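Below sits a lone chain in structure tokens, taken as the form predicted on its own.
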């Protein structure tokens, strides 16, 4: 006989953790919650010893049919919070209303104002460091003070005061109760001093709640449905097939694995598994004359919004620029060879939003149904038109920076932000989940995370993922009094 729960959550990353946090704040002492995680706990000492964030190789869980396009994921307790670079930007207001404001793409089924309070909550839980000024409206300041600019960032801020900002990041700038200060080594995937927020160091306590049963090494292969409702999930643990039933089922297994589970469950929709996407990244290395780089206080120090919002979005993709504060791990030749000038070189990344394409897909592998299969046909013409303007954008930055030459400019293989595949919207004909992440057909099934993103904003997605989980939980269980 299947075990019975009030709530089953699949996944322990940002989406599942923030939903569970809010649920436990509202739930009675008698509530029973089952959380299923495909991977192991992989604690920080294990990660550092083995020099990787997960004991599961991504090649064990999905096939990449277009390997030139990399999709980055880290199965296990805490999900991608274990390995993220901790960039923690909000989306801009215009990102939610591309169709209404600029006549392109589609609108999200909520606005920036709808999520603003939830952004504040997510930032407080993560103890995000950020500046006093901001390119978007904010009702509360960042919880922690900002990290120190690099010298090139300081020049850009002086010349573009309303277009350049200190990085919003979940890497601590001052000590917190559970995290030390960022050591700026540039080895951020694993963070040797545990300065960045992860589910392991920031929300592990919710899984110790007596109402919660956490089962690791539990691979969910389907949502069980009956009578037009989600009845529970089937999963494998220690080689044994099992089933658990629940009043409410929540999928928070990422944009790669949410559609895979749904397709294996026999769910159908014209868009299910389609519109896989992320931002288009262009990496540029610049030589500077007499200006030293790599002297900020964390791995990513600056954010440029010069080419983000505006009427240009009618014609081509918006762009957010990040400045990198470490020459290690990204580029060969990130340091100059001239004596005394080794760090007169700057690495920047241009991130362009994308309008998702139906031919970018996640499906069930025919060779092994337990594997997801990703295929990427390419970015939209809209994103490509934006990326073609990078040389002109560099010319603009040259108003503030003494650029001697462009050393290198190349397309990144990934921005490490898997999105789309279970799109949200108001119309069941053109979306799979509604504005509160509830499945249009199975009304006790939620599908959380970046899989619901209708478009790819230039912003990093993790804070938006977390805010959407809070938004969905508040809709179901009521906002705090």
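Residue numbers count along the first chain shown, from 1. Given the structure is predicted, the values throughout are model-derived calculations rather than measurements.
What follows is about the form predicted in complex with a small molecule, which we do not show.
Participant: Which one, 373, 219, 287, 283, lies within 4.5 Å of the small molecule in the predicted bound form by heavy atoms?
Facilitator: Comparing distances to the small molecule in the predicted bound form, the residue within 4.5 Å is 219.
Participant: Exactly one of 296, 152, 252, 386 has a non-hydrogen atom within 4.5 Å of the small molecule in the predicted bound form; which residue is it?
Facilitator: Residue within 4.5 Å of the partner: 252.
Participant: So in the predicted bound form, does any heavy atom of residue 11 sit within 4.5 Å of the small molecule?
Facilitator: Residue 11: contacts the small molecule in the predicted bound form.
Participant: Is residue 276 a contact residue for the small molecule in the predicted bound form, using a 4.5 Å heavy atom cut-off?
Facilitator: It does not: once the small molecule is placed as it appears in the predicted bound form, residue 276 has no heavy atom within 4.5 Å of it.
Participant: Is there a non-hydrogen atom of residue 86 within 4.5 angstroms of a non-hydrogen atom of the small molecule in the predicted bound form?
Facilitator: Output for residue 86 is yes: heavy atoms within 4.5 Å of the small molecule.
Participant: So in the predicted bound form, does residue 301 come within 4.5 Å of the small molecule, heavy atom to heavy atom?
Facilitator: Answer no; every heavy atom of residue 301 is more than 4.5 Å from the small molecule in the predicted bound form.
Participant: Picking from 44-52, 416-424, 62-70, 437-445, which part of the chain touches the small molecule in the predicted bound form when contact means heavy atoms within 4.5 Å?
Facilitator: Correct option: 416-424.
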